[in-house]
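Taken one at a time, structure 1 and structure 2 that follow are two forms of one protein chain, written as structure tokens.
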Structure 1
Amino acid sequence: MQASNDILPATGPAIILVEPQLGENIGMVARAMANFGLSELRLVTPRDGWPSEKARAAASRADHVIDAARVYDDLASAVADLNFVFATTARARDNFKPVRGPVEAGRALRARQRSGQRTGILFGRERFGLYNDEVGLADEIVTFPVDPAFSSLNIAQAALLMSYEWMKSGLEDETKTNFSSPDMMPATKEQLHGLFAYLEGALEARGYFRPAPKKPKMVDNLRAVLTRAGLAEPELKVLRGIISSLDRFSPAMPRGDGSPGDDPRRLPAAAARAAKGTDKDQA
């Protein structure tokens, strides 16, 4: 099938798959592209033909990428209208082409796109990647810092990495995320000291500070743990609510009457065990 002569606007690099074998892999590439704002997919003689329902299913609703995909009879035709092309490979090549990592490649693609150039990224076959003459049609090489003992990447994984670097290169702050944690005001020292006092009282009532001479050090340790957390006011309220719930004694066991081990709610079972032992002794 020959490609259409329609030229898409230069909204990002074209993703070019050379002789992809499985429709599922094409679909997963389309999904990765859509995740990071890319939409131009070019296929060079896909083995199982095109269109592919398996690709559409694996694309997980990235239908706009699948529907716009164009098929070419050869790689030269697929890159003919592009100004700059990266070839992805995990193997060292015997040529003089510059080699970049994905971060640098993403920034280079972004700079060229902003200057009006049309760009693309080549991805090879699932089994063995690109031939040397195909790499020769690219301007530069991009490779990933993978473990040399296991350097093979699935084409969808490789496309995901490059699509991510493309998206990241367009952010004002590359560390920025789409959402963040709530902006909470740190608790005041008065609020923290109030929590310390409340917790200390609850633990004292339950007999936590034993032996008594170690209480000052135990209190210091508790305060150090809670201070290091950098708690905000809403977080203090959560902790106070937890402590309050745990600090409720039964009416028969009011605050200050000892440790939980003395709770009279446990006494009936203990009395029953003691009575059972007495009966055995009498027998």
Structure 2
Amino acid sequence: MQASNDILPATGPAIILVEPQLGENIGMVARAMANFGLSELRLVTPRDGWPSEKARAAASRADHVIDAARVYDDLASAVADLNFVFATTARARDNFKPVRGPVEAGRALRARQRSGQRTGILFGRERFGLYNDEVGLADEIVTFPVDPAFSSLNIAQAALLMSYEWMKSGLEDETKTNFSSPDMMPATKEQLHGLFAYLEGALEARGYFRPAPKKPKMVDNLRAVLTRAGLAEPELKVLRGIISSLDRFSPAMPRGDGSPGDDPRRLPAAAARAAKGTDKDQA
């Protein structure tokens, strides 16, 4: 089958599998592509024919990739409409091709895409990869920084890594994530100092800072622990709730038993004094 102009506008490089042997691997490649926003899968004479139910099952609902896959009789036809092609390989070839790592390759593909070029990435057979003359049809080589002692990557894994680097190359910032950390901006110092005052008051009321000459150092240490964590406001609230609970309730008289402490407006006298900072000489 010849490539033709009715192929959908590419949204990224075509993934081209040369004589893939197992339908399962084709399916896993399709899934990896879908994970990272690729959709154009080309197959050069898949060993077990096409379509493949095993491929569809392994694609795990990436049906849009499987349905749009095209089969070609030879590699030259499969790349005929492309402007730039990478060949993936785990071993050095005796040719003049530049060799790139996957990060560089992802960025190069993105730059070409942005300039309107159509691109593709070749992956060889499970058992022995690409022949030299197949690599020769590509513009450049991409290889992965694998442990040389264990360098054999499954084609689905190789396709996953390139799909991933393609996606990453489109991110404004590689630290960007699909969902965010909660607002972990450290609380203002005023909020933090409010917690210090409350906690130190509650401890003071219990005679924690003893002997008195050690109090300044003890306060220093306590403040250092709570400062180092860079706590955000919601975290301060959690801590305040914990301290308040320890301060106002006891195992024998827990929250909600109708004790005076059940009313948050009524603090036990000592803690109330402590929180106001009027209790400085109690220790």
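Each form is matched to the other, and the largest set of C-alpha atoms that superpose within 1.5 Å is called the rigid core. Every residue number counts along structure 1's sequence, beginning with 1. Since the structure is predicted, the reported quantities are computational estimates derived from the model, not experimental observations.
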{"item": "Answer for which single form is the form predicted together with a further copy of the same chain", "value": "2"}
{"item": "Core superposition between structure 1 and structure 2, C-alpha change of N221 at least 2 Å", "value": "yes"}
{"item": "Core-superposed C-alpha of L239 shifting 2 Å or more between structure 1 and structure 2", "value": "yes"}
{"item": "Flag for F209, CA shift 2 Å or larger between structure 1 and structure 2 after aligning core", "value": "yes"}
{"item": "Shift in Å of the C-alpha at Q191 between structure 1 and structure 2 after core superposition", "value": "6.9"}
